[in-house]
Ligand SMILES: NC(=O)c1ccc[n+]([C@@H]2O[C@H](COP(=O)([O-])OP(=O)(O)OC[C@H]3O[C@@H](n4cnc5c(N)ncnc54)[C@H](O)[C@@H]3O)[C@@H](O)[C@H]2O)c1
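Read the single chain below, which is given as structure tokens and is the form predicted on its own.
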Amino acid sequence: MKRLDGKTAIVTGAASGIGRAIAIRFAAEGAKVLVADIIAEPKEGGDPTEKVIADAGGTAFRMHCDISKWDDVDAMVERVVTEWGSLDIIVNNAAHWTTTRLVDTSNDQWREVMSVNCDGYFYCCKRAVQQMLKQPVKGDARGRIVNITSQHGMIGAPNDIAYGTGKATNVYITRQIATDYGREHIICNAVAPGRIITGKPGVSMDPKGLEAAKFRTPYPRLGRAEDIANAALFLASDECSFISGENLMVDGGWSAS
């Protein structure tokens, strides 16, 4: 039996990178997956996530969703419930990133990042909990929430004021949901990636930055998207029942050293 057989899941930001890896992994373990994103094509290239899943024999469909808009989030949850009857798992992964220091960050940049990394996570968590509270307990849970946070929400990082602050709020909302809704059988945890190589172009592939990350990471390689997908799978599965409110660091030992 597969670990997510019979489960329904939403993964936001699932067109590319970490979200794509999570959606594909969940579908391989038997989940029906809504691939939510504002784009359709993977930034790193290849077939769309929902096609990869379908070609492998899984079940998925894509839906445009801007998580900074409540109406989009509401429609996303309603679609899953209409199609499949329940929302068992939501993985909040979509995020926006800038690389500026405090005084170099414009008010518009700050608001753009926070509208996704704070407001968006609030909307997705709130709407998911609203739905999960209506559902019967299956095994140990009415539903499971996995928030993708970041190492940058836990440590200081150069030129990272908006993104790091937003990710720190994701850690807090994870703990608060676990505290407030644990008695209602809602399990909420988070995964905090370290430096993950996804193949997406941009600043994350800067050679100097990669070399610095390799030097700082005790493990002899940097992370892969599949490392985060495996951690998210554990937290979303029935194996995880007495763990809630945790922010699991998946960073090759960076935060331990």
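Start at 1 and count along the sequence shown; that's the residue number. No experiment lies behind these values; they were computed from the predicted model shown.
The protein also exists as the form predicted in complex with the ligand; that form is not presented, and the subsequent description refers to it.
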Looking in the predicted complex, any heavy atom of residue 121 within 4.5 Å of the ligand? yes
Since only the chain is shown here, I'm wondering whether residue 190 would be in contact with the ligand in the predicted complex (any heavy atom pair within 4.5 Å). no
At the 4.5 Å heavy atom threshold, is residue 66 in contact with the ligand in the predicted complex? yes
Looking in the predicted complex, any heavy atom of residue 37 within 4.5 Å of the ligand? yes
Looking at 86 to 94, 125 to 133, 172 to 180, 102 to 110, which stretch has residues with any non-hydrogen atom within 4.5 Å of the ligand in the predicted complex? 86 to 94
Which pick from 216, 221, 51, 43 sits with a heavy atom within 4.5 Å of the ligand in the predicted complex? 43
Using a 4.5 Å cut-off on any heavy atom, which residues of 126 to 156 would contact the ligand in the predicted complex? 148, 149, 150
